[in-house]
Each structure stands twice: as C-alpha cells, then as structure tokens.
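What follows is a single chain, given as structure tokens, in the form predicted on its own.
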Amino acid sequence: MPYEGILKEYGHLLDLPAHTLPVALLEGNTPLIPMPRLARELGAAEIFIKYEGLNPTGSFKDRGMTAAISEAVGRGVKTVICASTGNTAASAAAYAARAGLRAVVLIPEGKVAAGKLAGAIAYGAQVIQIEGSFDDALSMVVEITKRTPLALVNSINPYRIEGQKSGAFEICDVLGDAPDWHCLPVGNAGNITAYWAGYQQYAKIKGTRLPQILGVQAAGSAPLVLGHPVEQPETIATAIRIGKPARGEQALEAAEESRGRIIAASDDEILAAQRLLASEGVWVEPASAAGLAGLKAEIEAGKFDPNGKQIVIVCTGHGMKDPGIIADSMPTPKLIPAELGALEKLLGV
C-alpha cells in the first residue's frame, strides 16, 4: 500500500479523539541518513541524521500539525491560530489550507526567517507581527483562544505532541530498536517531550530500549540550562529563540528520566555544525544543527564518551527555511568568458 501519512500509519498508537477527521500532506516517513564519516570523526559506532527538513513544509512541525488540524476539523473549528518563530506558522498555514480553514499567525517583529514567513503567506495565512517576543505572542494566542472559538495549534495543544511522537516510532522501526543516544534542538520543548513519550510508548508495547536524550539550546536562549526564563533571548538559531518554553518542565523530565541532559551551544558552534552537516550533503537551518553542535562540544570537552554508541541526531528543518546566513556570507561566483580555454585555466586542467 502507498504511504498515506502519519495518522494512517500510526493513528492506532496516537491518543486522538474519535471525532478526528484526517487532514494529511503525506508528512513523516522522513529518511534516517547514515553518517559514517561523521561517526568516524567523532568516534561513535554509528551516527544517523533524522532529516525532518523533508516534511511537506520543510520542518518537523508537520508531524504534530496533521494531528492538531485533524482534531480541530473534526469538532467543527473554522479558524486556527498560533504564535511562531516561523516553522509552526508555515505548518499551521499549510494544513489549515488543506482543510479549508482560516489560519492566523502571530510572529515577533523582525525575528522570523524569510523562508518561513514566505511559506505562511504562500499558504494563505493572516500573518500579524507584534512588538514583542515569541513568548509575548504565545501568551496572546493562549488568551484569545480562551475567549473565542479560535483553536490553538501551538505545542501546548496535546494533539501536537501525539503527532510528533511518530518520529520516535519511525526511528525504532528503521533501526529495529531505539539508539543509545538521541540528540535534538530544544526551543519551545514540544519535540523533546514528544520524542521521549514516543520512545516510552514503544518500550511498553514493543520492548524497545530507552535512549538517553541530549537536548541542546542556543546559549543566548537557554532558559532550561540557566534555570530561569530569558526575557530577551538572542541567537542566530531563530527557530529556538524562545525564552520561556511552553513545555520546559516536560523537557527537563525527559532529560532526567532518560539519564540524559540539556545543555547550551554557542552560535559559533551551531554554525560550525551546520557547515559540517552540509559538507556531508545535508543542509539544515541553523537551529537544526544544534543537536550536533551540542554533541560535538560535549565530546570535545570530555563529557561524552561516544565509543561504541549508536546516536541519532534530529535535524528539525531544511536549510531553505533560513537561508540568510549562507546568502549573506556567500562569495560572488567567479566570472569568466564563455570559452572552454578560460574554464580549463580556472580549473587548472
């Protein structure tokens, strides 16, 4: 049978209401890419990249959005709303469009990458900038959904987490078990919460093991590492520029229960990890490289022994979601005459 999306594939394992009406864009089923050269460089037995940038809107958010929008459609919702640093906006807009719903998106002024904002607009969402942070925007959408029939589709919505659990199921299905370590970026903390829930569920029903989890925040936006909210979060990794994670408590629980940890990586380390992934053919937005950045820093500091370990690193969004960093530093291509001799001379052949 052809693949039909997460709800068709894993719906029997997701806690969704009976009224749910599936809205799918064939999300999920993303590749688990082996990275043997990276494994050798870092001293691990195996490293795999779970490349979530190949979801329909270019990020992992589609896993949760198919569930959240499907539930909303089933109870007759006409308008959905979210706060976003970009990826949630594009995903909500796409699935709302698929379902014939109105989508409203609140974003922090000037803080959303062009690739993500363009996606939300292309899918027909009403995009509203606010003079404040993502956390301010989230507070606003929470309040308005308490007073109106608008449906909240941020990761506070429990059905978002249900859909995102599917990433853990897929990893176990491909590898035959959970990995030793699972590394991923942490922003609003829905994804780390969902992956841990998925691994726990599979352990109960299929007897798979439980991985240790390494969650990585950006150093300028690391409330879970610092132990308090960050009022003015700043990082080049816009997707995780969040100072008060909605699921921060669950993220800390996931790290503790898995015998893992949540750490911070600098912007320089994140950008270096982005370049390292690209050198192996995987281009991700900066935030998506945080998992590798944190892992590499821990290994180099002697805080992580990779020897014999099987490691999965989740890369949450495609490089085209936030191309500005690359575009701004891109050298002007060499200009030569349209002559074979000129090309041979330039190439030294």
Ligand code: AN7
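On a predicted model such as this, the values are computed, not experimentally measured, just so you know. The first residue of the shown sequence is 1; numbering continues from there.
FYI, the form predicted together with this ligand isn't displayed, but the following is about it.
Looking at T85, you'd find a heavy atom of it within 4.5 angstroms of this ligand in the predicted bound form.
In the predicted bound form, at least one heavy atom of F134 sits within 4.5 Å of a heavy atom of this ligand. This ligand in the predicted bound form is not approached by N55, whose heavy atoms all lie more than 4.5 angstroms from it. Among heavy atoms of S221, none comes within 4.5 Å of this ligand in the predicted bound form. For the candidate set A120, A96, I240, I270, a heavy atom within 4.5 Å of this ligand in the predicted bound form is found for exactly one residue, namely I240. Figure note: of the listed segments 173-181, 260-268, 232-240, 72-80, the one touching this ligand in the predicted bound form, with heavy atoms no more than 4.5 Å away, is 232-240. Annotation for 174-207: interface residues with this ligand in the predicted bound form are P185, V186, G187, N188, A189, G190, N191 [heavy atom within 4.5 Å].
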